[in-house]
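This document opens with one chain alone, in structure tokens, the form predicted alone.
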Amino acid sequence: MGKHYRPPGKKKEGNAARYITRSQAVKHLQVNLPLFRKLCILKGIFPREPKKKVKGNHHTYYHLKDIAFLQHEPLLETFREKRVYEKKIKKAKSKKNEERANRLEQQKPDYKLDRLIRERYPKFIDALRDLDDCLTMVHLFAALPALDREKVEVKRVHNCRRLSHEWLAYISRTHKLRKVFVSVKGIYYQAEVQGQKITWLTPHALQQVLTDDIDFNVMLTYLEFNETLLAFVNCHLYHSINVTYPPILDPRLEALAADLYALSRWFAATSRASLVGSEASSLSGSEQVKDEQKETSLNESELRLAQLQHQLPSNEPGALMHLVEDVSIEDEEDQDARECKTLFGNLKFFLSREVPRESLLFVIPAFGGMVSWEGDGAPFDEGDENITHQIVDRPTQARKMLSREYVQPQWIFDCVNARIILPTDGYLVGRVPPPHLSPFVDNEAEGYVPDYAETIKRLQAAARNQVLPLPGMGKEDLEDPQNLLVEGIIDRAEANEAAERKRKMIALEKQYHDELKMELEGVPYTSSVSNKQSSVTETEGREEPLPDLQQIAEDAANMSKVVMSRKKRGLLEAIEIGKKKKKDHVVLLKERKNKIKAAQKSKDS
């Protein structure tokens, strides 16, 4: 049978009617390709993969309804008008008519993305779910140098830095940070805001080298949308804790690059302003009228907040890293939030100049600690006698004080991930620290638990007064009645009752496995019922070893494979291959660990 022929005039059907190629979409919208890319990024429209590609596999396809959605976008007309003005400005400059070019530049239409934020995120929780990539990109551009040739302006870099610091200040003051991991790429953070886990990556404070193989036009379009989204999220979060947005920062601290500290002082100043307002509400009626007349203007209230901020003493510890007093945050805090809030509650830190200052200024206050640094604008200096820990990242420390401990920055991050104060012996200056374990990896699921993870687990159990099994034993060994009797936890009568219950459970479990094995072998139900009583009496007389559970599982898996389709069977085989690779990797790690231990033993001997 020949190829299906569609007569002229007949309506298209199927994928040919539902999907359209990118070149067709550009021609349909009457825009160029860069503008089409920009519209798709701002509106959140992505290419589709139809089951049958009518025009071939080398084309990019879009849904026809998405293109119709773009066609009715008001931004499309704004971009067209902006392009007309750009042509007029170019023509005026070519004629050396600077006055007309400047006038047209001022009249050029502008646009905002606030409406697109409300359109794409109807609920605030939707914006929080889509915040991971947004935060990573904003923190990336906050660390990039300004380049005119790549259209990375200084104004945009400063805006990204301001937005990132506002986000970090909120997370730190509300104690929402949960995990930190330092890697080669940068520092990974994870916070929990309104039940949503938000993970982002910040680059190290190093000189960034930009390559030529990056399309900055596409990245700047994404950044334009992400800046608006993060400003919207910051505004909502600040208002949720009764803090004015945007914050007014101390220009002296801004000049010293102490933005996070300036934001903490803004929080404290807002707290004092709220306390002043509550005291004013308790005055008499005549005094309230006078106060209302004095504070009618918004500029006057902002000036008062700025004055309160300048009145805060620079060496006041409470103004440094404490959250706003009497703010309306969640009353019901879980155990995890309470642990994070008080982890460094009684500790006072001082940062040496070689450590990553911005990261530690964010992490330490997020877990209840007080921190200062070496330089101008610091809340307290290095000679403060109340300092408990000094963070140092150098081979040796010449001048030491006996009242404090000198540790490496990794100790802070490991304490945060473990949620306990770890011993400082392995993190002292000049020593090789223990391995920095990732909190994003589930060691039990991976099948390999590092030695230091076991050590941290025992320290956590000791801090919570829990009993853990010895190495090589499982949790079921803790529940053994004989072990509990030896430990003195239960008496002999309770041990006998527990042993009887355990014996009955083993008998019932054996009966279940026997019935499962007979069912797999195809034994009829009547014969199994006739043998049931005899098997029960035999198990009551003596305890037999359990059947081979691995063989039963393999038989059940083989039977299920028989009835599978070829596609599902291939997927199952791929999953099994992945599990086998993971198991081989675990075996390789254990072999390496045994070799290292053997080498250390031979070296010591």
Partner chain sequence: MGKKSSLQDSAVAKHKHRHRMPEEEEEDTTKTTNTPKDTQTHQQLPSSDSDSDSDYNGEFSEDDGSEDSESLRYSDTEESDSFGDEGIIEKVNSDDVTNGHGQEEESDDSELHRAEESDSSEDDVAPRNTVGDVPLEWYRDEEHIGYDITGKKIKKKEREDKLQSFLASADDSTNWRKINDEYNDEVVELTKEETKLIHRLLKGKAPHADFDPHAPYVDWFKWDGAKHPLSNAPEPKRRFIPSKWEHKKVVAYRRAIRKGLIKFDKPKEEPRAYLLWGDESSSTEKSGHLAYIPAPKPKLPGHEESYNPSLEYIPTQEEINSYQLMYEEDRPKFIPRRYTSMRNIPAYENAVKDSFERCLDLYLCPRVRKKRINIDPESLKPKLPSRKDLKPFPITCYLEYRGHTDAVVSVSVDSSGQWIASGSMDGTVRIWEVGTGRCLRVWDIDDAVKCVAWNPVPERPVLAVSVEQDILILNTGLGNEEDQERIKELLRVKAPTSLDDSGGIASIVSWLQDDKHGGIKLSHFKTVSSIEWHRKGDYLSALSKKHSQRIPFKLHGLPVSSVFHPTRSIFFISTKRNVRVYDLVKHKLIKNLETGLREVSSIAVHPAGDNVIVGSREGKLCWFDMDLSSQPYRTLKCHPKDITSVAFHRSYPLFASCSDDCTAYVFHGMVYSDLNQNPLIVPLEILRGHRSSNGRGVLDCKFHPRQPWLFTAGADSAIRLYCH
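Basically, rigid core = biggest C-alpha set you can superpose within 1.5 Å across the two forms. Please read these numbers as outputs of a predicted model, since none were measured by experiment. Residue numbers count along the first chain shown, from 1.
FYI, the form predicted together with its partner chain isn't displayed, but the following is about it.
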Residue (of K108, R419, K457, K400) lying close to its partner chain in the predicted complex, criterion heavy atoms within 4.5 Å = K108
request  = Find the only residue in Q335, N386, Q208, Q71 having a heavy atom within 4.5 Å of its partner chain in the predicted complex.
outcome  = Q208
task = Spot the stretch among 170 to 178, 239 to 247, 378 to 386, 88 to 96 with residues whose non-hydrogen atoms come within 4.5 Å of its partner chain in the predicted complex.
result = 239 to 247
query = Is there a heavy atom of F413 lying 4.5 Å or less from a heavy atom of its partner chain in the predicted complex?
reply = yes
query = Going by a heavy atom distance of 4.5 Å, is A146 a contact of its partner chain in the predicted complex?
reply = no
message = How about I117 - does it come within 4.5 Å of its partner chain in the predicted complex, if we only consider non-hydrogen atoms?
response = yes
ask   = Can any non-hydrogen atom of Q30 be found within 4.5 angstroms of its partner chain in the predicted complex?
value = no
key: Partner contacts for 369 to 400, taking its partner chain in the predicted complex and a 4.5 Å heavy atom cut-off   = D393, R394, P395
ask   = Taking the rigid core as the frame, does R569 move its C-alpha by 2 Å or more between this form and the one not shown?
value = yes
message = How about M559 - superposed on the rigid core, does its CA move between this form and the one not shown by 2 Å or more?
response = yes
